[in-house]
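Provided below as structure tokens are two forms of one protein chain, presented individually as structure 1 and structure 2.
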Structure 1
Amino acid sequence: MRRAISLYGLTFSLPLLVWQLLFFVFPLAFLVALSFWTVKNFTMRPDFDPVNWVTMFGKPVFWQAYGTTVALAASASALASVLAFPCSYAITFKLSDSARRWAIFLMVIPFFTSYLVRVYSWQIFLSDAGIVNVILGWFGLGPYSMLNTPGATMVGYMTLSLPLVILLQLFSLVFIDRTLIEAAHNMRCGRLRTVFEVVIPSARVGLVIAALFCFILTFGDFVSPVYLGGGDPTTLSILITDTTKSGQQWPRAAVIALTMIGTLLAVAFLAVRFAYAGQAKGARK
């Protein structure tokens, strides 16, 4: 029986294993090897030299881009979580089942169009002669320079991640035990206190995972910082393209990419550990 179960599980898990090997493990191994190659006369040579790591980690521009990328991704995660929670809370507890299904459908619709197209549409809204400044002009305000700013980059990040964050929070809130909320109300707990002491702790895992997905998506995003932020300040994704254009330095670009992957793995590990910390303590008790 054990052999049958093992063979059955192996058979159905094999496609996932092959997929991970072909599209993650093997490319990651090649990326690690590539980071030790050298470039001479615009030609890459398969050496084993740590000069690329030393060079990139010794450049102030690398650490400036790293700090900027982390700060923007963390800010986007916090902002998306704050903006998404009232929406997901209202959909979960204030709408009927039919209205909730329509709301979920509306949250999915943005993914029907290309992210790049949506970012280009924001250029029409945020340019000096764009729709936003035209509307502000009716009230005697502006025009304001909104394009090619960190604020415009954040708008692009919200376009990319906010619908997904709402959906992930929504699916977490839906499975909260309603009797806990009723018990809090019976004990004369106000609505706001119930949210912070009952709802948020109960949906902690989903809320953290939603913020984590936002961080992952925005940390490696290239479109918004370039087409809405104007490439200033420089992020790691922009630095990768600049590095490859400068003398075909693909090995140094591999160093940047591996640093990004390592950062995301570390953040994901810490976020998941924080999300399940309360449950682990409860299980021990």
Structure 2
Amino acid sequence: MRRAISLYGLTFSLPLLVWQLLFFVFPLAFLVALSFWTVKNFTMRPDFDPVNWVTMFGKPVFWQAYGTTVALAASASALASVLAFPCSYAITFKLSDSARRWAIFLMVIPFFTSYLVRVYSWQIFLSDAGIVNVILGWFGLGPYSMLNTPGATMVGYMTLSLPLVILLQLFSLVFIDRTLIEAAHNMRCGRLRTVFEVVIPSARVGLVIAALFCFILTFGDFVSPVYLGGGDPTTLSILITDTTKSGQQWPRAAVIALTMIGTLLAVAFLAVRFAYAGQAKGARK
């Protein structure tokens, strides 16, 4: 039933549209404009000058941060996918229905705890006199300095992303047709081979989307690199906060932010293409 636009319909559909246009699309569009503004005597003025783009792209520190951020986020996505898979696999295939429901409920809890508090908590574990070093000391090992290393950043990234990756993987695994697995077993396909040739290809879309979300989350996170990684090496997110908070260089921060959005869009596009490429076999090329 198709109807003309009615007052009734607009009452429900318009408010969100207006809000997101005003406060989501406009700010992002304004960011584009802002990146062409100039700063003179500590005040910003509207302009159309590519100077910020030229300055930022000409800075070695920017490209170093860019490389670091991409490398960290990519490793985090790979690591989170590998670490999460056995867990989501086991929850899907080795737990009873009610145990699975509990497992899912428990995995949702971290989303409603403060990420900052969890990062501070990791400082307690990883500091020089922290819990991990004390335990290692009982075995005559250490102490190792673990805080302010890329490894600590990675621990923070896993804290941030692992619950989401596990849940997303879980939801793709649950919907696998189990008769496929049984068929593979009946044809004497080995356990691991079944996982790699039946389970993973069937859940491919979900697994790639999970990795993509991990990339998005860690790519923009500034808390772990600062408070666990010690701020060194610098990531793009640290560069944004420093550039924004330390004065009127917002146009330059806008350049960094837009570069990040561009990168994320490209990564998301490639990931989605890769995820669905296997689905239409032969259709590719």
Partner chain sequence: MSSEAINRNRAVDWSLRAYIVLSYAFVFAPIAASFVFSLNSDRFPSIPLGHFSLEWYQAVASDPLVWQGLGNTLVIGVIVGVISTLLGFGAAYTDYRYNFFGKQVYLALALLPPTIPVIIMGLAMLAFLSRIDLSGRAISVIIAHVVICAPFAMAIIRLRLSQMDPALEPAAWNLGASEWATMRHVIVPFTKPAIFGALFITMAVSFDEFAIAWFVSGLNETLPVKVLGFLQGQVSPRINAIGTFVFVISMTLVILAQVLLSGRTGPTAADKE
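For clarity, a rigid core is taken as the largest C-alpha set superposing within 1.5 Å between two forms. Everything quoted here is computed from the prediction, not taken from an experiment. For numbering, take structure 1's sequence and count from 1.
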| request: Quick one: identify the form predicted alone, either 1 or 2. | output: 1
| field | Residue shift check between the two structures, rigid core fit, residue 269 Cα at least 2 Å | value | no
| Core-referenced Cα shift (Å), residue 22, between the two structures | 3.0
